[in-house]
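Below, in structure tokens: the form predicted alone, a single chain.
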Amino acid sequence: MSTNSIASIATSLPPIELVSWLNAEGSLTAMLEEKAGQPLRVERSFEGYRLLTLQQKRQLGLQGSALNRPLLAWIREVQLYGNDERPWVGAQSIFPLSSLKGKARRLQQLKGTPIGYVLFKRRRTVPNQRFVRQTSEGWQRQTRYDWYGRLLLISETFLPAFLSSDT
């Protein structure tokens, strides 16, 4: 059951050609690969442990005293490239340590693999809650997933090269 919201904190609306991408269900990876006509290239800019900010804790749905406690998470930041030399999407994945148990531990070893290959391997959609906002880099969708009882937060920002791509 997903709850998607195109409501934005910003006063402007996303470009019409981006609305379907911001609201898309299922694997964004698969959709981007279809648009590119080839597998995505993933370049990692950061992968490791970080303490979460207050805003990130709220986005994960934490409440009350849990907001005041330090929370360590595995963070992965990547650039996704379609069929040219400019990145199409900047993405950040946040995996609270409490979510990295059992089979979910493999999320720490993705390296150059798009996360969509793992999240949507067995199911087309995963229960989620989505928020859309405009950032200084572009339009972003932030999705909180419940993947087999494990919470994770993925932010995907559509960069200017995505809108200017020919495909």
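Residues carry their position along the shown sequence, with the first being 1. Note that the structure is a prediction, hence the values are computed from the model and not measured.
Not pictured, yet referred to below: the form predicted in complex with a small molecule.
A.B. asks: Even though the small molecule is not shown here, does it sit in the predicted bound form so that L52, Q59 and L97 each have a heavy atom within 4.5 Å?
C.D. replies: No, none of the three is in contact.
A.B. asks: With the small molecule left out of view, which of T113, T135, Q38, Q108 would have a heavy atom within 4.5 Å of it in the predicted bound form?
C.D. replies: Here the answer is residue option T113.
A.B. asks: With heavy atoms only and a cut-off of 4.5 Å, decide whether S93 touches the small molecule in the predicted bound form.
C.D. replies: Close contact exists here: in the predicted bound form, S93 approaches the small molecule to within 4.5 Å, heavy atoms only.
A.B. asks: Is L18 one of the residues lying within 4.5 Å of the small molecule in the predicted bound form, judged by heavy atom distances?
C.D. replies: Close contact is absent here: in the predicted bound form, L18 is far from the small molecule, nothing within 4.5 Å, heavy atoms only.
A.B. asks: With a cut-off of 4.5 Å between heavy atoms, is G102 one of the residues that contacts the small molecule in the predicted bound form?
C.D. replies: So G102 does not count as contacting the small molecule.
A.B. asks: Flag L22 as yes or no: does it have a non-hydrogen atom within 4.5 angstroms of any non-hydrogen atom of the small molecule in the predicted bound form?
C.D. replies: Result no; L22 lies far from the small molecule in the predicted bound form.
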